[in-house]
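In structure tokens, one chain follows: the form predicted alone.
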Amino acid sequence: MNFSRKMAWRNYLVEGFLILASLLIILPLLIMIFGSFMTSTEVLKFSLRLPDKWMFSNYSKVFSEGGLGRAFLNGMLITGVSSILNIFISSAASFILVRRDTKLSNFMYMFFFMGLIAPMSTITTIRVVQWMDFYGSITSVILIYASLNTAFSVFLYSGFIRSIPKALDEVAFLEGANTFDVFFKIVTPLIVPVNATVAIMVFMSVWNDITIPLYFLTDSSKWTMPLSVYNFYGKYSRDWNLIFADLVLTSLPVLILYLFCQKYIVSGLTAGAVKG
């Protein structure tokens, strides 16, 4: 009985701590949302309260003057293509690495795993992109994002594919299938949960990033929505209501995606960790 009471009190303390920690995120978020509907004078108080008058015109002004329509399309193009490339390359590489138990495959797996630890060298990458004549193009950013997230994706895919019995591959080979048939017709339908997890994780990491577009996109017309906030702040540094509105619009796609797809993130991470 005493043990159960101690566990109950411990759970209460942990829950209370988590609630207080969540307030550190929720309160600034509410200040930003309410501030986006205030006037430029009212928002300077940075207080957690409802606006005296709801200024919905802030959003229309931000969308028209901030060029968010073009930035949204750029972000969707970069995020969507890099996610698709990452899913296809990482899943195919993981299938080969897991199914072929050789020294080369083990070395390549460790080589991919090092990508989780080793940081990206910006200067070196810029020189490589310039040598490939891709510098300043959206293509360069897509390829960089697809490669940057490969290490984590291979780690997830490898753990899940190891749980798929090799007997399925052997039966398919006896029926006359080749390696491509086994991967696309047998393995691919089974890794759908991991595909969803990787797609969401890559989408959120790519959408929120500003460093790579800042260094590799020389034309501001190719910038994404998060980077447009940086540009918008330079023009309206005193109008925090407009900056808050810009931040809300920029974070809205990721917030919606996470709210509707968080169960796939949990299931995919669990599948890759436990079944591996």
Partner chain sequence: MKISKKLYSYYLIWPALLIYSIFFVLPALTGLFYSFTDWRLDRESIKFIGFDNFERIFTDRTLLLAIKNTAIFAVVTVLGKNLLGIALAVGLNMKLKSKNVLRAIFYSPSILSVLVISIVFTPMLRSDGTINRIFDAVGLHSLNQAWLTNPSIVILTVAAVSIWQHTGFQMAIYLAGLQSISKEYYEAATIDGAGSWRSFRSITIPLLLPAININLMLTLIGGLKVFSEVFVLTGGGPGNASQVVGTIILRSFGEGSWGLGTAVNTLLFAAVTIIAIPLLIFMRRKEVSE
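Between two forms, the rigid core is the largest collection of C-alphas that superpose within 1.5 Å. Quantities reported herein were computed from a predicted structural model and do not represent experimental measurements. Positions refer to the first chain, counted from 1.
Omitted from view is the form predicted in complex with its partner chain, to which the following refers.
Colleague: Taking S22, L143 and S251 as a possible spot, do all three reach its partner chain in the model of the complex with a heavy atom inside 4.5 Å?
Modeller: Yes, each of S22, L143 and S251 comes within 4.5 Å of its partner chain in the model of the complex.
Colleague: Looking at 209-217, 52-60, 34-42, 65-73, which stretch has residues with any non-hydrogen atom within 4.5 Å of its partner chain in the model of the complex?
Modeller: Looking at the partner contacts, the answer comes out as 209-217.
Colleague: Can any non-hydrogen atom of T150 be found within 4.5 angstroms of its partner chain in the model of the complex?
Modeller: Looking in the model of the complex, residue contacts with its partner chain include T150, since a heavy atom lies within 4.5 Å.
Colleague: Decide whether K185 counts as a contact residue for its partner chain in the model of the complex under a heavy atom distance cut-off of 4.5 Å.
Modeller: Answer no; every heavy atom of K185 is more than 4.5 Å from its partner chain in the model of the complex.
Colleague: Any of the heavy atoms of A196 lying within 4.5 Å of its partner chain in the model of the complex?
Modeller: No, A196 stays farther than 4.5 Å from its partner chain in the model of the complex.
Colleague: Please check if W223 has a heavy atom lying within 4.5 Å of any heavy atom of its partner chain in the model of the complex.
Modeller: No.
Colleague: Hey, which residues along 52-66 are within 4.5 angstroms of its partner chain in the model of the complex, non-hydrogen atoms only?
Modeller: If the 4.5 Å heavy-atom criterion is applied to its partner chain in the model of the complex, 52-66 yields nothing.
Colleague: Aligning on the core only, does the CA of V14 end up 2 angstroms or more away between this form and the one not shown?
Modeller: Yes, the C-alpha moves 2 Å or more.
Colleague: Hey, does I256 budge by 2 Å or more at the Cα between this form and the one not shown once the core is superposed?
Modeller: No, shifts by less than 2 Å.
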